[in-house]
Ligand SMILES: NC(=O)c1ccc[n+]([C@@H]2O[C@H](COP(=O)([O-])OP(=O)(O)OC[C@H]3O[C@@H](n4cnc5c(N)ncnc54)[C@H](O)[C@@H]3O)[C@@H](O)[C@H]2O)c1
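Listed next as structure tokens is one chain, alone, in the form predicted alone.
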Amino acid sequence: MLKADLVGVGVIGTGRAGLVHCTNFAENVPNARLISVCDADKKNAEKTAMQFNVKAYNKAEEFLNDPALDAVVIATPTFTHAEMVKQAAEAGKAILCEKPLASTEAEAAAMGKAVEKNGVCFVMGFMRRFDKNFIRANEIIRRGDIGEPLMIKSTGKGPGLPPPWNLDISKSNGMLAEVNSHDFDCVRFLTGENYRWVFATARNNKCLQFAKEYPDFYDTAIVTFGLTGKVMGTIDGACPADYGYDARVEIQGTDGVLMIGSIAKKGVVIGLKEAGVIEEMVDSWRTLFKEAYLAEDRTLIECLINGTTPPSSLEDGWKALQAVLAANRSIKNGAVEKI
């Protein structure tokens, strides 16, 4: 636990997710202040630092050696997470790591050892665990309102292309990691069970310009799975999905059904005589999960100051990674993969 009135926070990686965390810590997280940003691209680091009036770094070692830095948000590409977490842990910094946790299980194991050895707080960036609707759904299921869960269907789709480094599936684990890690995690969060087997199929339906250079690239996938209890289910993903951002889950129980999420913005309905009733689409994860990201960032500070246990752990990131890796193996060999 940290005995300080104000926690110094830095964000490494100034892409879309990094900027969300920068804004939160600069404006909306009690007992914390954004003091620095770091990016391998010096211009991006300096631009973001100027925007938030903080220090800029383009070398992680210098960034982490700042004695005023107490906690760090890691929002860099997945293949850098293992080294970033190791360095941050050895520097004694509390850590919030964006998903996916890592690229391989070996990396995840090394990250776990570094966090445990140095005794630092670690929050896994699964924002659905901090979203009020997913939290309420979890409580409803635990209370038994829909009976015993039998089947779960989770949808995760994004409107834009994945970042360029994500095109090589052998290095990035692809869309199922970049987009659907949240789905793999929320299945465990809502059911309380672990993955036992997966079977997946995928295709490149819309991004044919990448087919020659990256023959294993896919933009559409369906995963069927069985869990350690009675629950079975599916995860479907697509990126890009031109109609908007889509995050929905349905859980069927012995006594009822529970549905989370909608493709329509809450409270926005348009009625036209010619076109009928129209609802505006959710345009971004930044819009849909704005409050969840804020709760996630506040949890990092509470963990550091009060020693509270966060609802998302390194182990949760590891379990999701196991399922993603098994699904990619299944896509490759066309067979059921046990976990």
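Position 1 is the first residue in the sequence shown; the rest follow in order. The structure presented is a predicted model; accordingly, all values stated were derived computationally and were not measured.
Not pictured, yet referred to below: the form predicted together with this ligand.
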Please determine, with the chain shown alone, which of 107 to 115, 80 to 88, 201 to 209, 250 to 258 has non-hydrogen atoms within 4.5 Å of this ligand in the predicted bound form. 80 to 88
Any chance all of 155, 195 and 326 sit within 4.5 Å of this ligand in the predicted bound form, going by non-hydrogen atoms? no
178, 236, 219, 246 - the one with a heavy atom within 4.5 Å of this ligand in the predicted bound form: 178
Answer key, this ligand contact in the predicted bound form at 4.5 Å (heavy atoms) among 283, 291, 62, 41: the residue is 41
With a cut-off of 4.5 Å between heavy atoms, is residue 93 one of the residues that contacts this ligand in the predicted bound form? no
My question is simply whether residue 320 lines the interface with this ligand in the predicted bound form - judged by any non-hydrogen atom within 4.5 Å. no
Could you confirm whether residue 183 comes within 4.5 Å of this ligand in the predicted bound form, counting heavy atoms only? no
Is it the case that residue 76, even though its partner is missing from this view, gets within 4.5 Å of this ligand in the predicted bound form, heavy atoms only? yes
What residues of 87 to 120, in sequence order, lie within 4.5 Å of this ligand in the predicted bound form by heavy atom? 98, 99, 100
